[in-house]
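Encoded as structure tokens, the following chain is the form predicted on its own, with no partner shown.
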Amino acid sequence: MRPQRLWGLLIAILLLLPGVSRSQPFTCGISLAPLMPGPDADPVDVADLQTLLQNNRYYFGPIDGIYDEALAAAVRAFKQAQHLEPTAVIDEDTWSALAKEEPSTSDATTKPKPTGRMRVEVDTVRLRLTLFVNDEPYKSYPVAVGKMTGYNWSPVGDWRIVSKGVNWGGGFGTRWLGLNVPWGTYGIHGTNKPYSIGTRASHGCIRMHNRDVEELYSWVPVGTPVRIIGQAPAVKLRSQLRMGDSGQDVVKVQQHMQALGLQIDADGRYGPKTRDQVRYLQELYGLPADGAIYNDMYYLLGLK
């Protein structure tokens, strides 16, 4: 059995064991398995490896995402110089040695722990995360966001921090702040690839420098609102939406309702608040007030 499959099987077994939290972020597009030579190596991770080895002047070949023997030789030479076991396997210690923490471009002002009403806004266009206190900007940080391709978009919408974790390691860095996105596991977390900060490099999560996410983690409690703004992928609207539905199309409907001035979160969940606001619009425009979204409501909201 291939090593990557063995790791996948091990993770699946761990999730079934008593005492292992199923809320741990085993998605977010980050592989927990070591990177190994051969055709099964993730080309994105291999390209990162090639770039870092070039920066450290151990590799002078192409950035082609292929983990061949030439790259393996460069890895062994680098690891030997770092007093690591000189194998071609890239584990967490190797990534850490390759990707030295770089200076952050966050607001350098030293500030005390804030008091007051806190919320977080992530701008996927400007690639910045800003902490607001009592609706005033308090501190801003650089981030990496989703690649805006396929399923790698960062989830635009209104979320909340629902979990916090320390030192999951690897691609999650030193801190994890989980978000309540209904169609996947997304969060704000650190990284062992600090060079990716300030780019569109993730599979949807929000990456921060470890020192920055540690500061944010120490300030914001579970329940803190997080708004992600910017471009979102094209969404196919279902023929009808009603209570209990969830998804990116629900976010789109809720955002258009917000644009009409309705007080509603774009949280991707068609709950009682969304239903009641839909009923309000239906009554206002003389439509049957059943609280469901269908063609007439789509037209009313400017979605068709």
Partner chain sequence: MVQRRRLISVLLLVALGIGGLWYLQPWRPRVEVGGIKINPHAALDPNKNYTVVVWDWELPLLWSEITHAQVVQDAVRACMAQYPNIRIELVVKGWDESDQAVHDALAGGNPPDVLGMPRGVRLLSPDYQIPLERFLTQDELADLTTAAQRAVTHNQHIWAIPRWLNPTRWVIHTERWPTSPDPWAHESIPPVYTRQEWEESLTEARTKNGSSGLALNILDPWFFYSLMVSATGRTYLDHAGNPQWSEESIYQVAHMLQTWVKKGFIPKDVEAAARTRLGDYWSGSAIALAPTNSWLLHHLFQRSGMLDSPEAAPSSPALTQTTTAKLEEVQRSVMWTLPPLINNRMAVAAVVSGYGVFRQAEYKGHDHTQAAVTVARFLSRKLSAWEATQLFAVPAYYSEIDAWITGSRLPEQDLYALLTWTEAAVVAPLEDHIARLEEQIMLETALPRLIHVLQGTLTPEEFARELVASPVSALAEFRGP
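Residue numbers count along the first chain shown, from 1. Bear in mind the structure is a predicted one, so any value in this text is a computation, not a measurement.
Keep in mind that the form predicted in complex with its partner chain is missing from the display, and what follows is about it.
- Proximity of Leu260 to its partner chain in the predicted complex: non-hydrogen atoms within 4.5 Å are present.
- Remark: none of the three candidate residues (Asp123, Phe132 and Glu136) comes within 4.5 Å of its partner chain in the predicted complex, counting heavy atoms only.
- Comment: 274-282 is the region of 53-61, 274-282, 35-43, 246-254 lying near its partner chain in the predicted complex, near meaning a non-hydrogen atom within 4.5 Å.
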